[in-house]
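Shown below, as structure tokens, is a lone chain in the form predicted on its own; questions about how it binds or moves come after it.
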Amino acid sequence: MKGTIFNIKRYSIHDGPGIRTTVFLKGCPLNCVWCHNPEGIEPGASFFYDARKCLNCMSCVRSCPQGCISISEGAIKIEFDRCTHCDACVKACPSNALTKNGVCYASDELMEMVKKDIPFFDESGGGVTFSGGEPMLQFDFIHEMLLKCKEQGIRTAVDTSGYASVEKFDKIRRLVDVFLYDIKFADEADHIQYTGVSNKLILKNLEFLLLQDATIWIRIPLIPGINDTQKNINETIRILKEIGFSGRVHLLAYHDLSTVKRQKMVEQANRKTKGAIFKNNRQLEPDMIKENFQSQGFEVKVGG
């Protein structure tokens, strides 16, 4: 199997237990307005263009065999309907002004990289985390990778929005040591407004995994003025208790990491990634939200 990956982060300590290798897979069915990895939303390869580095040498334009690249007034245009992702333009750029997001890896190739970190996994209780994007969108690939990891005795985690079929979660649940499960909103209308999809399937899958005794860490990104409200926190606690969750909750601080990325992204004509900056609108301090959860019996950590 082959998968499209936009980043591999080694020695990570925020994506599950111990020291981990985190594999970021392309493609996500959600389009969260605060997403700090907007380059991971599109399932196929995408591009960054940094006009500050551009030498205006036109090497990328001349190298494209499809003739689908043009540059005008400091902006690049790629006609993606004709682009074959041959990478000729990226290879021709002498200043790295044009770079590609998304590299195709065979599962055996990725496993050889992962196996180099086994000593760190064994020493720290770590392992491999599959993140994204949404890793469940490349299901066949991560299923094969999870099987290979188990064959090597490597612990695994899947960082997921929960937005996939219950059949897929059922197929991998015995291969995953811990699910890092995102809960963004309790209210369905809010979830649709800010992520583009309903949360009904997400909550259904969470309940299913709990009934199967899966190990789950709930992760809640705290977006100032959006989901850090007392109402959303109270409703989230109520839902988690109703479905029987009593485990670990991680409260993730909002970081404006996407602004520069979005400025550099060469957008696909048929889909614009949303983007917004949330500052100075904080409703509840993270420590107060932590106290809310702890008072209801949850184990809470602020941070990954």
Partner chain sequence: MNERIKRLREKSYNAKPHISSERASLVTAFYKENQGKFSTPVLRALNFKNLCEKQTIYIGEDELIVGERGPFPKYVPTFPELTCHSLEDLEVLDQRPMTSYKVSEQDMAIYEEEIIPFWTGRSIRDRIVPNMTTEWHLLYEAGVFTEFMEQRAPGHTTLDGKIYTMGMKDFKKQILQAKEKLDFLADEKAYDKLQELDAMMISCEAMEIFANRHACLAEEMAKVEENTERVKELQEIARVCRKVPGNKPETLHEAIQMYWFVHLGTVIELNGWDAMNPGHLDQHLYPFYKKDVEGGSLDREQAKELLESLWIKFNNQTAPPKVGVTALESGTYNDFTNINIGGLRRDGSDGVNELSYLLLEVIDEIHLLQPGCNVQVSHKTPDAFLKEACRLIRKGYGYPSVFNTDETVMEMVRVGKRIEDAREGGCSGCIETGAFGKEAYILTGYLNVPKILELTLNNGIDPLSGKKISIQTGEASEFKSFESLVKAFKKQLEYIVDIKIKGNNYIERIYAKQMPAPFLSVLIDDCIENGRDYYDGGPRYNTNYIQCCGIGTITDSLSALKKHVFDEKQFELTRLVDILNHNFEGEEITRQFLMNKTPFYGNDDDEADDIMRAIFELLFQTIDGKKNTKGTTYHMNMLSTTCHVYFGKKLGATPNGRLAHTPESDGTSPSHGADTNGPTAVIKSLSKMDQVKTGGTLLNQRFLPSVLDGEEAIEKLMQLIKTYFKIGGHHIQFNVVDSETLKDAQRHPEEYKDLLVRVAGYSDYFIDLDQYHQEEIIARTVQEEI
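Since we're looking at a predicted model, the values are computed, not measured. Numbering follows the first chain given and starts at 1. Between two forms, the rigid core is the largest collection of C-alphas that superpose within 1.5 Å.
The next section is about a form of this same protein that is not shown, the form predicted together with the partner chain.
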Is there a heavy atom of K91 no more than 4.5 Å from a heavy atom of the partner chain in the predicted complex?
yes
In the predicted complex, does R282 have a heavy atom within 4.5 Å of the partner chain?
no
Is S124 close enough to the partner chain in the predicted complex to count, meaning some heavy atom within 4.5 Å?
yes
Is P119 part of the interface with the partner chain in the predicted complex - any heavy atom within 4.5 Å?
yes
Options 94 to 102, 157 to 165, 131 to 139, 191 to 199; stretch whose heavy atom lies within 4.5 Å of the partner chain in the predicted complex:
94 to 102
Contacts from 44 to 74 to the partner chain in the predicted complex (any heavy atom within 4.5 Å), listed N to C, are L55, C57
Core-superposed C-alpha of C57 shifting 2 Å or more between this form and the one not shown:
yes
